[in-house]
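So this one's two forms of a single chain, laid out as structure tokens and tagged structure 1 and structure 2.
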Structure 1
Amino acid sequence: MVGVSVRTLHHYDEIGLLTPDATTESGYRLYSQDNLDMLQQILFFRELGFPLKKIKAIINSPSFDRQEALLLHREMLLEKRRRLDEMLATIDKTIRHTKGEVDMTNEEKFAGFDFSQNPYEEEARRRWGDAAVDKANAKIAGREESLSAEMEAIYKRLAALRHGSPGSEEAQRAIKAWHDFLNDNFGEYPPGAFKELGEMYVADERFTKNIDRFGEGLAVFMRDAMAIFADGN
């Protein structure tokens, strides 16, 4: 009915994000109306780019109010639509520019792009609080380009190894570099959290699509390598 895969629902249950109200003797999960309402809330947050860990923290916050969250989702989606409309206008003008129909300044070519922050996350943080966001943002401020280059280098290194064993010495050195990169720049990732992150790379198709840009099957390879690394540490 919802269009969410069974694998995703199982993952949500495993990480404590969405636990069904009942389970049959044969192991089938039974979702109540309250469960469906919460799933809708989760999917709104996902549509706005929130990671699962942050969604869990928000909906479990004592100050969380579902009605307020729905109104906030509406505001955020309207803002997202405004930005998309602006980017579509930029695309249309760029097409006309490439045909020689109109002139276009360099500033106009980038209208609608904004990489300075996630406005949706910022608004939610103001409503429900998240000190960890402040800490992480302060840590990477001014280093976005160098971090992006370092991240891509690690992805490419892992992509070159993806047809081999994720437990090989070389693969484990490469995945350790990924673990160190995350810990050095984005907070603490103990083995359990690192393993969960790897599972998310496969459970969430948006992660998979983004990671597999560096090589088909990379997300699965990273998940397996991260699990082996976590279990061994």
Structure 2
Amino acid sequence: MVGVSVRTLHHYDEIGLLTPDATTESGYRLYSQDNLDMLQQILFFRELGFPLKKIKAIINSPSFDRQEALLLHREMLLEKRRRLDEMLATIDKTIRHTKGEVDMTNEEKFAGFDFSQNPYEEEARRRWGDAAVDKANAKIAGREESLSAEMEAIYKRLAALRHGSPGSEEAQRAIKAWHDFLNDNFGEYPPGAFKELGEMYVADERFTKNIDRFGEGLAVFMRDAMAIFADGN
């Protein structure tokens, strides 16, 4: 119906981008209407050249709004069509050029090609990247001054352990401290949300950079440790 391969759905499930709402007893994936709508969103983002990781970060973002996304997609598709028109003009001119009818500079010959990776990314960052991350961090950031001491202590404690196993008792104790800290200071963090948060530490470079200040690879280590912690709870 939607035109994506089974393997693609498996892949999206594996990376946690689109997990079916239900499965049969024998393990067959059952996609709900919500899942389908989400898939549509994903395909729009994909069509616009977004990497799956970012798509995941965006649609998992607390500030994500479907309506808003659709409107932005519309703009981006229009932008893409403008580029297509530019390429068509380039082709027409090239055809005339090969016939010797007109002159053409080399610059003109490459007009319309997607030189800057994707021009929507900046806009998307403004809309979700920064907005989402900032909003998610807002509570933390707002009080970071007053809490930085405790946060830093835990970060450093974890950084010291980051070359070991994220499942080690010591690491898990430190992660528990982190979990407690978050729970004490900001709302609830049930296992699923805690794990997701860990994912974002590596998926979103704003998190990554901030965390890795305390040691390279700390974000990855924390994600792994948080996943283990969440799975054990």
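Since this is a predicted model, take the numbers as computed values, not measurements. Heads up, when I say rigid core I mean the largest set of C-alphas that superpose within 1.5 Å between the two forms. Just so we're on the same page, residue numbers count up from 1 along structure 1's sequence.
Enquirer: With each form of the chain shown alone, which structure should be assigned as the form predicted in complex with the DNA?
Expert: Structure 2, not 1.
Enquirer: With a threshold of 2 Å on the C-alpha, tell me if residue 12 counts as moved between the two structures once the core is superposed.
Expert: No, residue 12 moves less than 2 Å.
Enquirer: Take the rigid core as the frame of reference and indicate whether the C-alpha of residue 84 shifts by 2 Å or more between the two structures.
Expert: It does not, since the residue 84 C-alpha is displaced less than 2 Å between the two structures after the core fit.
Enquirer: Look at residue 74 and decide if its Cα position differs by 2 Å or more between the two structures after superposing on the rigid core.
Expert: No.
Enquirer: Once both forms share the same rigid core frame, by what distance in Å has the CA of residue 107 shifted between the two structures?
Expert: Spelling it out: core superposed, C-alpha of residue 107 shifted, distance 3.6 Å.
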